[in-house]
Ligand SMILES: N[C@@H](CCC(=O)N[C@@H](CS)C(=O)NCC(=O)O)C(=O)O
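One chain follows as structure tokens, the form predicted alone.
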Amino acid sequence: MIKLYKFGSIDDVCDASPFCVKVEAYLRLAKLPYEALSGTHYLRKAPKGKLPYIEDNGKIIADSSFILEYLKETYGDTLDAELSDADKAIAHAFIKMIDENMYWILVHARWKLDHNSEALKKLFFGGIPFPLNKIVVFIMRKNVIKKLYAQGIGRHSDEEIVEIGNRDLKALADFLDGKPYFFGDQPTTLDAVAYGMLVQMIRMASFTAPIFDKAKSYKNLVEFTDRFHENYFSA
């Protein structure tokens, strides 16, 4: 059985990482049996120092994109088999947008905005005694802010970052339009990836941010996220 190593659930979301949710959502869509193992201590064994990673038949695969490619090559591409080459190209572009741009928008909202620091301390470092927890949060937050600046998104104002993120949200909303899923009645890999990100913004109550309010303002994105959640993560 496939073993999925991840961080763990927050609120009613199966994981705090959109990449961990992405992989777990894919596994559920593809109906592949798996065991989820949660905990930050798995980072010590992670091949690339990040979660998620999977273990399958003695193989360890890290990075959500490589994990999905491995699963498709090993168990068949049941989700995207009916998509045309043009549709697959569109899906690839949206997935890159979500993974490479929207991710940093999410990181900014969680780590840069001052009012979310208390939530970070309670959720991720609650087991560390005071005052060490405050010191750890301070150091990690400082390092994340440096990464945001190095990546480029951190060079913009908070308002500009919301504008950048809203363009991505609008693109997703426009493409989804009135369809149940992004390519019609049946979910594909893009739906798993989009859910992984949108559920962090729409259904996770522990963090608040202007970009999350923007996400919730798109009725079809909210309905999509709730639909996916109820269909594949309600049990």
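Note that residue numbering follows the sequence shown and begins at 1. Quantities reported herein were computed from a predicted structural model and do not represent experimental measurements.
The same protein also exists as the form predicted in complex with the named molecule; that form is not shown, yet it is the one meant from here on.
Among G39, G178, P33, G49, the residue placing a heavy atom within 4.5 Å of the named molecule in the predicted complex is G49. Contact annotation: of the candidates H156, K72, K88, K147, the single residue with a non-hydrogen atom within 4.5 angstroms of the named molecule in the predicted complex is K147. A residue is said to contact a partner when one of its heavy atoms sits within 4.5 Å of a partner heavy atom; A171 fails this definition for the named molecule in the predicted complex, lying far away.
For the chain shown alone, I60 is not a contact residue for the named molecule in the predicted complex, no non-hydrogen atom being within 4.5 angstroms. When the named molecule is considered in the predicted complex, Y232 lies well away from it, no heavy atom lying within 4.5 Å. When the named molecule is considered in the predicted complex, S206 lies well away from it, no heavy atom lying within 4.5 Å. Of the candidate stretches 24-32, 190-198, 64-72, 163-171, only 64-72 has residues with heavy atoms within 4.5 Å of the named molecule in the predicted complex. Residues from 8-47 that approach the named molecule in the predicted complex with a non-hydrogen atom closer than or equal to 4.5 Å are S17, P18, F19, L43, in the order they occur in the chain.
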